[in-house]
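Shown below, as structure tokens, is a lone chain in the form predicted alone; questions about how it binds or moves come after it.
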Amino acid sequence: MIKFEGLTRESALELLNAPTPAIIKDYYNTPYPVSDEQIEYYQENGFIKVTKILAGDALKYARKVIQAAVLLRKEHDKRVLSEKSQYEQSFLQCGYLCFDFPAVKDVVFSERLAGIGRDLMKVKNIRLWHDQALFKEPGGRPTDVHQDSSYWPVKEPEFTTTIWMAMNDVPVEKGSLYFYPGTHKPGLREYIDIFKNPHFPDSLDPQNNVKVPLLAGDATFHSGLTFHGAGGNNTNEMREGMTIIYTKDGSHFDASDARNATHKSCNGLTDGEIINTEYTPVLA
């Protein structure tokens, strides 16, 4: 059973349904300046670390509401880690939290966060694809190397990006992410089924990766085409990560990707149709 200090079911519900304090909501929508050097680094390597995108009370509040949402999503799962599947031992995955919990929606719809993704991808506007909390329990196994875009029916994967925010400190030993620089550029596409058949891509050099530990409030952005993974959690604390996936405004739905065409974000789209649904609003 998942527990967080100071949170009960009742207090979690109250927090998630209460209005976000105005000062914190303003912070979520205050631009975060991105330099030309950061854009160049992202374009060249397919990932980047961005520090202190959330800080102070805004970070504390975001962490608490995301903990509350995870608590409620997982409240009926009483299994211990060893009783879970290999995939579930990699992380607690809770998607589309923003459409169930108003307080999480304010985090996910943040113009501050979306604006960074827009600027790094060098596009005019970006849309939400979906959000998901990715918490790794103490003792949780590594997350296998994969490309995110292989799970998304989007025809332009080069114009997708994921922000991975650390809600608490995530050193290497707690399961920080690592990336294979430049793997977004050659056009490599390989579906790694981390649910049922994880394996290491033949196209990669296992040693050519960059580990990216984070402090609470830091984040990484990575292209949907960048190969990456995460270490196991070898600590006695939960690794708390919150992700938001963005796609360029004007991207098209790929119905040929049958295994992923059931995403809520698709919402009845036909092949080749521009992605524009109630679940994929323009955020920046």
Ligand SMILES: O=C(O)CCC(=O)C(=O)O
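None of the values given here were measured: they were computed from a predicted structure. The first residue of the sequence shown is number 1, and the count goes up from there.
Not pictured, yet referred to below: the form predicted together with the ligand.
Screening 137, 106, 131, 148 for any heavy atom within 4.5 Å of the ligand in the model of the complex leaves a single hit, 148. For the candidate set 159, 180, 164, 101, a heavy atom within 4.5 Å of the ligand in the model of the complex is found for exactly one residue, namely 164. Judged against the ligand in the model of the complex with a 4.5 angstroms heavy atom cut-off, the residues 143, 222 and 243 are in contact without exception. Only one listed stretch (48-56, 247-255, 66-74, 224-232) carries heavy atoms within 4.5 Å of the ligand in the model of the complex, and that stretch is 224-232.
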